[in-house]
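The form predicted alone is given below as one chain in structure tokens.
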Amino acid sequence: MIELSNVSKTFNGKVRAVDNVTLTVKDGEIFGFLGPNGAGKTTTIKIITGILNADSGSVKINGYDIKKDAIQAKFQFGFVPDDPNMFLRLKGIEYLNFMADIYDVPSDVRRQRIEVLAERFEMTKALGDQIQSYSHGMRQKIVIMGVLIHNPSVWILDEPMTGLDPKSSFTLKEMMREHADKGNTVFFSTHILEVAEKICDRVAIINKGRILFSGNLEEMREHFKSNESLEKMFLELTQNE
């Protein structure tokens, strides 16, 4: 579970990137975080994960405050950032073992997880190569594998489909559904509204740092009193802003 309460963040003393955001992402659901470029999605995610400190408000992951209990809170989640270009000189297997070391994953457990994840993402043959030799999509996949190595109950994914080929994208969506159906939490941002419409249990739409809507698609259609697609309702909401 992820709980945000009255979270705000201002840059340069005047640009309010996140404006009094309150959200609850429940166990057992896939929650989509939607918004135009510059709406505050990535800033919000960086606050949730502890990369940035909020000016005010609080964030809890499975009950642990990201400021007060940072280590325990960070053990609860796996985070896929929007840029997979990291640790490029490491081989894929070295990166996975590095991530497993951080989270104290036992050797026998990590071997099994690496084997399963590599097979699902068709990365087995590439693990011995340096990450800098990978395509963008392969880098995205190795980062995803790394954050799942300790089997966190909360997944936080910032634009996770970017660069993935159709098969890998399908695999990730399948894994997201499996994870949520086991009573876990999946929180992800995306620009691909068709994906959000198909797989999300609930969504929130943010623009100019403020939450414009939070709920399921039926509630959104009730709000608009229409049977439009998520894309059309999203555009109407954000354009009106």
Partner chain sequence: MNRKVIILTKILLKSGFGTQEKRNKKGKISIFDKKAVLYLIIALSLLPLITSIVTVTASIYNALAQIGQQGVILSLGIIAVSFVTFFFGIIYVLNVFYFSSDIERLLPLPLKPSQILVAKFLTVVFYEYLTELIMLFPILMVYGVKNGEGIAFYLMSAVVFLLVPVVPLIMASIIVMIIMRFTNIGRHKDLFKIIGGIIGIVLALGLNMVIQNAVSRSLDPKALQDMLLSGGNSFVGVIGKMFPGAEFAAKGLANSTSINGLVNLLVFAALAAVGFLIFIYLGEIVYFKGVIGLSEAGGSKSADIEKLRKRSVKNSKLKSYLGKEIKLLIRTPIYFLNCVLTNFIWPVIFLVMPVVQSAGTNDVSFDMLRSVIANSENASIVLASAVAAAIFIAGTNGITATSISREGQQLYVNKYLPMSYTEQLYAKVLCGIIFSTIGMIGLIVTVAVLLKLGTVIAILSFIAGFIAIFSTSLTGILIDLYNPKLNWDTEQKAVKQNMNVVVNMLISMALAFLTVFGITMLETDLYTTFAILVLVFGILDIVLYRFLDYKGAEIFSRIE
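Remember, predicted model here, so these are calculated numbers, not experimental data. Positions refer to the first chain, counted from 1.
Here the subject shifts to the form predicted together with its partner chain, a form of this protein not shown in this document.
**Q** Exactly one residue in Thr49, Asn184, Asn207, Ser189 has a non-hydrogen atom within 4.5 Å of its partner chain in the predicted bound form; which is it?
**A** Result of the distance check: Thr49.
**Q** Okay, which stretch from 31-39, 50-58, 211-219, 197-205 lines its partner chain in the predicted bound form, with non-hydrogen atoms inside 4.5 Å?
**A** Within 4.5 Å of the partner lies stretch 50-58.
**Q** Though only this chain appears here, would Ile114 touch its partner chain in the predicted bound form if you measure heavy atom gaps against 4.5 Å?
**A** Yes, contact at 4.5 Å.
**Q** Indicate whether Pro152 is a 4.5 Å heavy atom neighbour of its partner chain in the predicted bound form.
**A** Close contact is absent here: in the predicted bound form, Pro152 is far from its partner chain, nothing within 4.5 Å, heavy atoms only.
**Q** Heavy atom to heavy atom, is Asn97 within 4.5 Å of its partner chain in the predicted bound form?
**A** Yes, Asn97 is a contact residue.
**Q** Heavy atom to heavy atom, is Thr124 within 4.5 Å of its partner chain in the predicted bound form?
**A** Yes, Thr124 lies within 4.5 Å of its partner chain in the predicted bound form.
**Q** Would you give me the residues of 102-132 that have any heavy atom within 4.5 Å of its partner chain in the predicted bound form, in order from first to last?
**A** If the 4.5 Å heavy-atom criterion is applied to its partner chain in the predicted bound form, 102-132 yields Ile102, Tyr103, Asp104, Val105, Pro106, Ser107, Arg110, Arg111, Ile114, Glu115, Thr124, Lys125, Leu127, Gly128, Asp129, Gln130, Gln132.
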